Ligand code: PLP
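There is one chain below, alone, in structure tokens, taken in the form predicted on its own.
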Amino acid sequence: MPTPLDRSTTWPYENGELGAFSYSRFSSPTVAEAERALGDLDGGEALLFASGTAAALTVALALLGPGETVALAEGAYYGTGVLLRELSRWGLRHVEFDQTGKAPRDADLVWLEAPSNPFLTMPDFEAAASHPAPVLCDATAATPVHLRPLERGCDLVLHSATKFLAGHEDVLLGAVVCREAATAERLRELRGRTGAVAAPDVAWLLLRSLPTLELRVARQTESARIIAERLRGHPKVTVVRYPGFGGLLSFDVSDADAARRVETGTRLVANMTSLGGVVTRIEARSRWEGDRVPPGLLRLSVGLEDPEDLWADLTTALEAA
């Protein structure tokens, strides 16, 4: 049976005491059910947030203080670095490190991304797990279908659930899955104080999407493997990055002008940002990330269309570049 959508903002006390739900800034029945479902998938205790960035911010504020340091995976999602630089005004430091090796020993939180976006590197989980600090893994692009970071020694898993988990371009949502109940309780406490909780409507849409997650990701992976392999053989493509699973890849063409011609030259593939949905999309990442990425880098998020149709569309755009 589908989970009912409960949009209530308040619930009656029970014999004068707080019940399981009292005020929706803390939680609601629909949010709690979506958290249970995601926690089962990832093997921990899940909490939902208004966005992936709200989830990341809550982790940083709840677990760290002024003068402490985040060791951030080099080449991870640029928005994470933007957020941490913003928090430097409050005395929180961050340093980037090569996640295929060991994190700096003086870090107070190790922040991995598996795979990194848009460079698609994978972390050394064994090295990270040996670090004395808590370890967070952003597994947005992997999803629990391909990776359960808590089983690889991580303490927290971060998802931009907007992407593959919800998967239909109609949800703005973040999630953190915790190994320890005490960590989840600290995040829940701060979430309630800041109002970063998810709304019941988007939690309900996540519940709608999770039953098809494995099917969607399997199809996206199959198509992405085909396209990555063909891109490696195309004369206009200089670099292809793909970890071997999932629907996200990136590739380079000669320069920024060529990248612009490719992203604007497709017809089936949408020229738009974000990733993980049923519609395939492409974009030149230098518009967002500047010189942090090669000028010709294009990020491709593969959807559910026929891979032969996608390849024909990409080939036409590449040949015109």
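The first residue of the shown sequence is 1; numbering continues from there. Fair warning: this is a prediction, and the values are worked out from it, not measured in the lab.
The form predicted in complex with pyridoxal-5'-phosphate exists for this protein as well; it is not shown, and the discussion that follows is about that form.
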The stretch from 222-230, 182-190, 137-145, 207-215 that lies within 4.5 Å of pyridoxal-5'-phosphate in the predicted bound form, judged by heavy atoms, is 137-145
Residue within 4.5 Å of pyridoxal-5'-phosphate in the predicted bound form by heavy atom, from S51, T266, T69, S286, is S51
inquiry  = So, L173 and pyridoxal-5'-phosphate: in the predicted bound form, are they within 4.5 Å at any heavy atom pair?
reply    = yes
- prompt: Though only this chain appears here, would K163 touch pyridoxal-5'-phosphate in the predicted bound form if you measure heavy atom gaps against 4.5 Å?
  reply: yes
>> I'd like to check something about N117: if you look in the predicted bound form, is any of its heavy atoms closer than or equal to 4.5 Å to a heavy atom of pyridoxal-5'-phosphate?
In response: yes
Indicate whether pyridoxal-5'-phosphate has at least one heavy atom within 4.5 Å of a heavy atom of E113 in the predicted bound form.
-> yes
Applying a 4.5 angstroms cut-off on non-hydrogen atoms, the residues of 269-294 near pyridoxal-5'-phosphate in the predicted bound form are L275
